[in-house]
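Before any questions on binding or motion, here is one chain by itself as structure tokens, the form predicted on its own.
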Amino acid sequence: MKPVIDMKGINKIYDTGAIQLHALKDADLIVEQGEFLAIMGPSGSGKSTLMNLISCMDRPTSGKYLLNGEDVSKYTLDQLAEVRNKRIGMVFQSFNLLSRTSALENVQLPLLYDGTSDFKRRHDVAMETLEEVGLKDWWHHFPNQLSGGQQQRVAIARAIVNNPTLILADEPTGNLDSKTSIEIMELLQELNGDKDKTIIIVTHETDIARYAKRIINLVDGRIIKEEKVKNRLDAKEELKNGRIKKRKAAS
């Protein structure tokens, strides 16, 4: 089976005219189907740049990126948009929900972009997805009527409503308290284990990274370390046993 992500010699240079910023330097990354990967590193290390490239929001300056065995550099803009809508689900720290639309309508958005014109199908699929993330009874609420954890669940539902194989989450617990963060990690672990979704998260918190199966560390645009997670945390067990503690940021 081909890797979901196969990056070789990836460089990303931002040219501002006055200076050149080498945000990623000769990055190699392989992510297999069903992995749960955490990307860590200090501010300015290249984490967001790498996620932008993985999500096809940006293109590398040099190097090769194969997504499910296909060369991303050969995609047209329309093909890139289709990939982002159907094959990759995105979750953000700030949730990025539309404030004047209900939870149900927010989750329906990717189906609208997908051209799904059947109103009943959009409604039913979105409701099923909200039930999957534990928010079936909150479908009519607006974002300002939901807690931070509930908003992030809506955002995750929106990310998975088109059944993507790859979920990317950029600091998904950054705005949440410790207990709610573990609840979100429980949901991501369930999606990874029960639904066989490939998941990549960016985090600066050591404890959050330990819910993943593998961690890579970035410094100054280079991947300097890669390791399997030892003593991996099980969010369901932590919540069941009440083991809630303050999270630790990476030093």
Partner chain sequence: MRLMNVLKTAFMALFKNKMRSFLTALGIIIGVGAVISMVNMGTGASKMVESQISSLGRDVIMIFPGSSHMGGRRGGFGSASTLTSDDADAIKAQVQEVDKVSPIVRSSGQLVYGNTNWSSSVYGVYEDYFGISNIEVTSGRLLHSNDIIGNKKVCVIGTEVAENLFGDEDPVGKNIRINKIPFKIVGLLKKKGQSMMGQSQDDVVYMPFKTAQKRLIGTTYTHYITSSAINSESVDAAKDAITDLLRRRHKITGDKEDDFHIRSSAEIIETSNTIMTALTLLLGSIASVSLLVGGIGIMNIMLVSVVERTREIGIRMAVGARPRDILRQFLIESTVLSVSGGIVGILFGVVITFIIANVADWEPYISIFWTFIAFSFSAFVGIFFGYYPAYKASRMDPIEALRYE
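Residue numbers count along the first chain shown, from 1. Since we're looking at a predicted model, the values are computed, not measured.
Not on display, but discussed next: the form predicted in complex with the partner chain.
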Legend entry - Contact at M57, A81 and F92 by the partner chain in the predicted bound form, all three, heavy atom at most 4.5 Å: yes
Legend entry - Interface stretch in the predicted bound form with the partner chain - options 163 to 171, 115 to 123, 143 to 151, 128 to 136, non-hydrogen atom within 4.5 Å: 115 to 123
Inset, instruction - Please run the contact check for I156 against the partner chain in the predicted bound form: heavy atoms, 4.5 angstroms, yes or no? - result: no
Inset, instruction - Report yes if any heavy atom of T180 sits within 4.5 Å of a heavy atom of the partner chain in the predicted bound form; otherwise report no. - result: no
Legend entry - the partner chain contact in the predicted bound form: N52, any heavy atom under 4.5 Å: yes
Legend entry - Contact of R100 with the partner chain in the predicted bound form (heavy atom, 4.5 Å): yes
